[in-house]
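What follows is a single chain, given as structure tokens, in the form predicted on its own.
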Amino acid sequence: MTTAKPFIHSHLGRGEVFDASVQGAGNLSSAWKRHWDASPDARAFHDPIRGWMSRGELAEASQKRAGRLAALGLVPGDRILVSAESSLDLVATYVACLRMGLVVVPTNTAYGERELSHVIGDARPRAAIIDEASRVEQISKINQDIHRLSPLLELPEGKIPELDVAPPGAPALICYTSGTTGHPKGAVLSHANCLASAEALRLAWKWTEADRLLLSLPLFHMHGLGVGLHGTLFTGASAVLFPSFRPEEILASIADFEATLFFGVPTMYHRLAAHSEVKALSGLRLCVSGSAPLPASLHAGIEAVTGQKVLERYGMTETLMLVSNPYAGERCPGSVGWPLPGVELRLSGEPAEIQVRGPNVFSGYWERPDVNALAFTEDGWFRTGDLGSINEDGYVEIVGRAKELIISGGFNVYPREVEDIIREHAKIEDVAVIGEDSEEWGERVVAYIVVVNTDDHPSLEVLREFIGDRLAPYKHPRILHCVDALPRNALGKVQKHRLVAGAVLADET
């Protein structure tokens, strides 16, 4: 195995210093509280139902809600499942949980009973914050002993417990990864992990309390929660919450709320780019994309119309944010940029796996010592499972997932490389490439495409001709399927393990 020298790149400007301890803030809420105390009347969060909530109102609301939770008998270290649409009530209750030392288990609102059963059985939460009647019934069937509460937390007032005293190493979150095989694992993120990531983003993205974020990402996912919400609270900025993503609403809100930031996933940027008012994006200071690769063609298209160079970044549930294109500098399409302040990155093995370490990296999975032994190298680096490279300008590029690597005829095929070429075809709207067992080749390359016009799709032969010599012949698809849509999770990431054959357009060649 070959291991490259650790890659460390500083996003810091003159006079800036990365402090993993965040200037003595021992936990998330004590870092947030500094802003509440300094300017209690400043606007903090807005939702379409309640309007604006100030910093002082958030501090007071979270304090009272901590008293109500304590009256239920909840104590520091207890787990509490949180699964609800974005709202001021959800934010206030979430902040209350962390202020009193509870461990929040963010859970996808789309989870069915089987998925919920696993999370509840594994994390053993004592309470659940939920906003749907059907979810109340599901949790009742799974475990009647769990307190089922709404984000409003309509409970009797109780004595306010000691707040903002969780030690840095105490768990703040247990976030379940959407693994492609087996049951999801709970990544335990400490207060210190979350603080280090927030500080790195503050420095790298020049995030200040003058910023206002349009936040339509769900708060059960690390992108919306660990980046959007935590970043806003940590920097003292403000955010406008949306329970769902609607392009027209986001574009109109840029001017209406004097917004400066928007964070989204590639699917959102596709829809924004197709909207007639997309030029409104030019009014933002920064647009960030993550959770899935942003096609270079989409990056170029948005820049051509709006002048906005979307900043792509890279992170994981287990590590929060790791790498980002520079705020001041070339934002290289198809690349995720440089390691963030405090992050060390190296490429190890063949094919080259990205391995990382830093104060943002979690210490392990919840009650899974067997998995933890495999997740970290002997010298303490976390194995991301992502394959990468570093280009001649020092930018990190994600080649694909180690588990998705296709070995055909003894040669390595990286699905993303094939997908990027196929996506350039004018008749193809979306594509996913996977490997399929083959007695002759070991694996053969299979492409699933979504076409622009269902009555006009390319054949396998035409597609292979289109790819031509831009890819070696062994990387060309040997099977082509046409599907109505690719299966995606709530953040737009293609779930390749769920792909099933649609109409077969051509036989193996």
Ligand code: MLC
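Note that residue numbering follows the sequence shown and begins at 1. If you're wondering where the values come from, they're calculated on a predicted model, not measured in any experiment.
Just so it is clear, the following notes concern the form predicted together with the named molecule, a form of the same protein that is not shown.
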*asked:* Given a 4.5 Å cut-off on heavy atoms, tell me which of 217 to 225, 202 to 210, 92 to 100, 127 to 135 is the interface stretch with the named molecule in the predicted bound form.
replied: 217 to 225
*Is it true that 245, 315 and 410 each have at least one non-hydrogen atom within 4.5 Å of the named molecule in the predicted bound form?*
yes
_Just to be sure I understand the contacts: of 33, 464, 481, 68, which is the one whose heavy atoms reach within 4.5 angstroms of the named molecule in the predicted bound form?_
464
*Taking the named molecule in the predicted bound form as the reference, which of 83, 291, 86, 232 has a non-hydrogen atom within 4.5 Å?*
291
*How about residue 372: is it within 4.5 Å of the named molecule in the predicted bound form, going by heavy atoms?*
no
*Given that the partner is absent here, does residue 271 sit within 4.5 Å of the named molecule in the predicted bound form, heavy atoms only?*
yes
*4.5 Å heavy atom contact, residue 51 to the named molecule in the predicted bound form*: no
_Is residue 287 part of the interface with the named molecule in the predicted bound form - any heavy atom within 4.5 Å?_
no
*Your call: residue 414 and residue 317 CA atoms, closer or farther in the predicted bound form versus the shown structure, by 3 Å or more?*
closer
*Work out the direction of the Cα-Cα change for residue 302 and residue 414 in the predicted bound form: closer or farther than in this form? It's 3 angstroms or more.*
farther
